[in-house]
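Here's a solo chain for you in structure tokens, the form predicted alone.
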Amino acid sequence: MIVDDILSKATKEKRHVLTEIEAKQILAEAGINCTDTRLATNKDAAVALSEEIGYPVVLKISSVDITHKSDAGGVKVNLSDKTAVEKAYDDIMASCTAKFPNADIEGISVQGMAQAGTEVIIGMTQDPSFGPVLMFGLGGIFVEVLKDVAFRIVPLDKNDASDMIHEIKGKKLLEGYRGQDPADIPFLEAMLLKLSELVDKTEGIAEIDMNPVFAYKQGAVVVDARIILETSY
């Protein structure tokens, strides 16, 4: 299984933060829809992957030592051709190596540019008393300022997943507020249940952050993901 291989590799390397690519591989194995994200270790590979995935694309620095990629100049979006990808690759590497000269950089990830949708956040944390707890909320300002989120203890059932989505204050935005497309709520419920199953059967995960998740009229996709492991060393 991919999850076992990734967790074993991280443990051997004595690191507790997975790369975005590793996190998305684990989520994808659990049946959670993520943007196709692949690693390029040089500029030519970044161009080749971009053309294979299809423009426009997003480039991001891939390093467990650089958590806040945007602040490091490590993210370039909406790249529409080879020239843009080549420049973005050079700019990302220059910025990140200047700001984090000691960072272990494995390369740059290439992913398709996801169509914007209703932004939500889905995650998991370990509660000292209750164990793993799932979280759901609207993304952007709603989670950063208003803290409009719902929590449930793992494992979830279908009613739990439905209740989480419907109890947040901003649920009207998911129902198609002021002419916007409604979000595919059954699909989001299924994502919560799949995440619950992953967490329930996988030991050693301390935190999962799927942010943002773009929800559409049909379906949803995880655009960025982070997984932090429990440390035993």
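Numbers for residues come from their place in the sequence shown, where the first is 1. This structure is a prediction, so every number in the text was calculated from the model and none was measured.
Absent from the display: the form predicted in complex with ligand ADP. The rest refers to it.
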* From the list K194, K43, K69, K171, which entry has a heavy atom within 4.5 Å of ligand ADP in the model of the complex? -> K69
* Of M113, I105, I153, A84, which one comes within 4.5 Å of ligand ADP in the model of the complex, counting heavy atoms only? -> M113
* Candidate site V58, V77 and P212: all three near ligand ADP in the model of the complex by heavy atom within 4.5 Å -> yes
* How about T35: is it within 4.5 Å of ligand ADP in the model of the complex, going by heavy atoms? -> yes
* Heavy atoms within 4.5 Å of ligand ADP in the model of the complex: does E119 have any? -> yes
* is_contact(V223, ligand ADP) in the model of the complex, heavy atom dist at most 4.5 Å -> yes
* Asked: Taking the partner as it appears in the model of the complex, which of 204-212, 174-182, 44-52, 25-33 has residues with heavy atoms within 4.5 Å of ligand ADP?
  -> 204-212
